[in-house]
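For reference, the chain that follows is the form predicted on its own, supplied as structure tokens.
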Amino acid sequence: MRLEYTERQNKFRTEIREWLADNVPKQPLQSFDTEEGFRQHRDWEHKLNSGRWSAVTWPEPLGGRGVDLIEWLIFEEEYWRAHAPLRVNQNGIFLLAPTLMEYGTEEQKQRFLPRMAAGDDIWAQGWSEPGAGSDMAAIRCKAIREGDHYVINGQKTWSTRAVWADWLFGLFRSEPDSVRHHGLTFVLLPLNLPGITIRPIKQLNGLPGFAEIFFDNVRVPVENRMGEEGQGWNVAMATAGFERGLMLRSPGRFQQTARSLVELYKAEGEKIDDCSLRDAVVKSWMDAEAYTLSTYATAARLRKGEHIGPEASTNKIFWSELDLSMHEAAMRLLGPRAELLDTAPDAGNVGHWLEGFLFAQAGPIYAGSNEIQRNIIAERMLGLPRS
């Protein structure tokens, strides 16, 4: 497979590269899992939006540039190459926004999308519950309609960005006696409503990247429902498709990690008498390039009007395991120094590998665990019977 870019695409690449060179912060921002870091990343979203780079695939009237998926891939390659900050609003821009454009009313699009693009509203996910993690059909948190409101009671957990986010999108059971994927409704709600309690969950690095959310008779207007009442499963599957398919983890992220891994090997590899490490680095590079080419092929199919199906599950397994293998190779290259924070006196060139390694552990779990994805592949792609 040989990639060739048009004159328009090359011009687009030059434009974003120059803008990023002028605007990416010279000093890394604090983690967005801290209050100050969250504020810094929100400011970065404002900066991106000022150049109309925050949501490039969106239509221009909603704050985007209306670019196609190939140009989006180019944007992502340049973004990661420039070491630009992580996107604190990825739940909104990459997952909820495409769903809103497909299922939302015109009023909802005008109400939510421009503020999302500007970073005025940062969004959290509300999928998992104590008894419904990878199996979303087991959701029990209720949203019962009373007149022109839904009254929500129950609990969500492992809610990404919920500690400091402004809004939450989630799936709730609106028909009390329904089971599995029936009787669920997709609801959007601000996280400052009366009756909401947010309890941070610390990650391995001690920072609260997730939260538990408790709902005690929380009243949400009916106009905050997306899609039809009781049909939320279909809406949520569209969101999950974007999450596991193209939008959550672009190839540019893994290409940059592979480049950094090669540089680390050049600095550390010759000190280590272990050929398997060289093989791990080479394989990481090859897999990152293979993922890139596969994603370009998928984008080309989508441009022809095709859709992402259950093969999104293979995509999710591949990038999550690739992320793990690249960071494991980096840990082996760094040896005992791998456990040092980049601020430690003897840290040297450890960089952010430890933080990335800890985060990579979650990859096979979030966005639908890899065990569930393998079940989907077995049943829907290979036609194997349920066990």
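Predicted, not measured: the structure shown is a model, and the values here were computed from it. A residue's number is simply how far along the shown sequence it sits, counting from 1.
Below, we turn to the form predicted in complex with a small molecule, even though it does not appear here.
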Review point. Can residue 371 be called a contact residue for the small molecule in the predicted bound form at 4.5 Å between heavy atoms?
Key: yes
Exercise for review: May I ask you to check whether residue 210 falls inside a 4.5 Å heavy atom distance of the small molecule in the predicted bound form?
Suggested key: yes
Exercise for review: May I ask you to state whether residue 254 is within 4.5 Å of the small molecule in the predicted bound form, using heavy atom distances?
Suggested key: no
Review point. Would residue 333 count as a contact of the small molecule in the predicted bound form, using a 4.5 angstroms cut-off between non-hydrogen atoms?
Key: no
Exercise for review: Determine which one of 112-120, 157-165, 72-80, 221-229 lies within 4.5 Å of the small molecule in the predicted bound form, judging by heavy atom distances; exactly one does.
Suggested key: 157-165
Review point. Would 57, 291 and 320 all count as contacting the small molecule in the predicted bound form, using a 4.5 Å heavy atom cut-off?
Key: no
Review point. Can you pick the one in 354, 67, 362, 29 that has a heavy atom within 4.5 Å of the small molecule in the predicted bound form?
Key: 362
Study note, to complete from the structure: Assert contact residue (the small molecule, in the predicted bound form, non-hydrogen atom within 4.5 Å, options 284, 185, 313, 91) equals 91
